[in-house]
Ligand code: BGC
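Just one chain is shown here, as structure tokens, and it is the form predicted alone.
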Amino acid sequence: MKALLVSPPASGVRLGEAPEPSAGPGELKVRLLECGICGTDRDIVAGKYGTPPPGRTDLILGHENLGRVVEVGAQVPDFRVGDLVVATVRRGCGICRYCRANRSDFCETGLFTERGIKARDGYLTEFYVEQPEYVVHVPRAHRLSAVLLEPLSVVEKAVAEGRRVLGRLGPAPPGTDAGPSAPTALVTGTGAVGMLAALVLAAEGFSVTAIDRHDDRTPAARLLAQVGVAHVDVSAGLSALKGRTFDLIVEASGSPSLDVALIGLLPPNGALVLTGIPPEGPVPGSGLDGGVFRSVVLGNRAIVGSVNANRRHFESGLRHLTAFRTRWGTLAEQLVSRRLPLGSYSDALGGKAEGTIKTVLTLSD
């Protein structure tokens, strides 16, 4: 059967052939109907990453898929020939606690595989075979949009993670101003992921603004207007936003320089969620490497601001000090490495002495 092949880390892509599979017991055979192309695919073709299956030099590309079941193996009760389906991408390592709980998107070992990306063939071929646990039924009404389900799944997770961070605030105290009726959100980029993020956020009651480097005459801008999402052309810079801030920002462009700038658009308690995968390399004017942001995205890492504390945190601290003394004796006291008189403030403030943990200035004994 025909298959779109790459040979990472070499660049390039070619249309070749692969053996046509058959469904065994507990498996489905699916004819591919559609497969989306995204930045990940382009990066693999460019040789930036991608891993063939073990013992092979080539990899079948493609992960944004929609297909129709053509063969149902024995012991597969919930699927029929003719069903529309979308298959998921990542397969867990089988080792870590999250993969064992079917949450491979939080894999801790890094030993997962991914269809069309890492050590497992993708879907840009005539047929593929998969286990039903990795296949999602698609209603026929979504035949023309279901190929977006994979990037939409990325958006669904990103928005959920952002909302979880915002949820740390809890409800407004009784008798106080509850604030604006709708939280604000900014989406950067109007590719598929950005557009889907704007739609999800708008559907969930956010007042959404989407930015890109195009005017309002693009199809994306016209679609955004139909759902009440504001579109802003930032070709001349983020100053086009006129100093606005946003409770939740979903970054979908993969630009590390933009990632740095977006931090300045967050109000107190705001959240920035990165979904675009930035390249490694210096970020002009920031002193950072793009690999920092790449690591944040690929590792599900969170950057969450926290400053000061309220009374309940002090009370919690007292409870822990008591627990420390009960369990470890004077260990907590030993964290104070130096006590210096006030007159030695230059010494205390001049830098941390080697081996010190906490320096304290004292006025008297």
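Keep in mind that what you see is a predicted model, and the values were worked out from it rather than measured. Note that residue numbering follows the sequence shown and begins at 1.
Keep in mind the form predicted in complex with this ligand is missing from the figure; the text below concerns it.
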Checking a candidate spot here: are Val30, Phe79 and Asp121 all in contact with this ligand in the predicted complex (at least one heavy atom each within 4.5 Å)? no
Using a 4.5 Å heavy atom cut-off, which of 70 to 78, 184 to 192, 113 to 121, 161 to 169 contacts this ligand in the predicted complex? 113 to 121
Val89 within 4.5 Å of this ligand in the predicted complex, heavy atoms: yes
Considering non-hydrogen atoms and a 4.5 Å limit, does this ligand approach Ala230 in the predicted complex? no
Heavy atom of Glu130 within 4.5 Å of this ligand in the predicted complex: no
Is there a heavy atom of Tyr49 no more than 4.5 Å from a heavy atom of this ligand in the predicted complex? yes
Using heavy atoms only and a 4.5 Å cut-off, determine which of Ala220, Ala271, Leu238, Val154 is in contact with this ligand in the predicted complex. Val154
In the predicted complex, the residue from Ala332, Val45, Cys38, Ile303 that sits within 4.5 Å of this ligand by heavy atoms: Cys38
Taking heavy atoms and a 4.5 Å limit, what residues of 52 to 78 are near this ligand in the predicted complex? His63
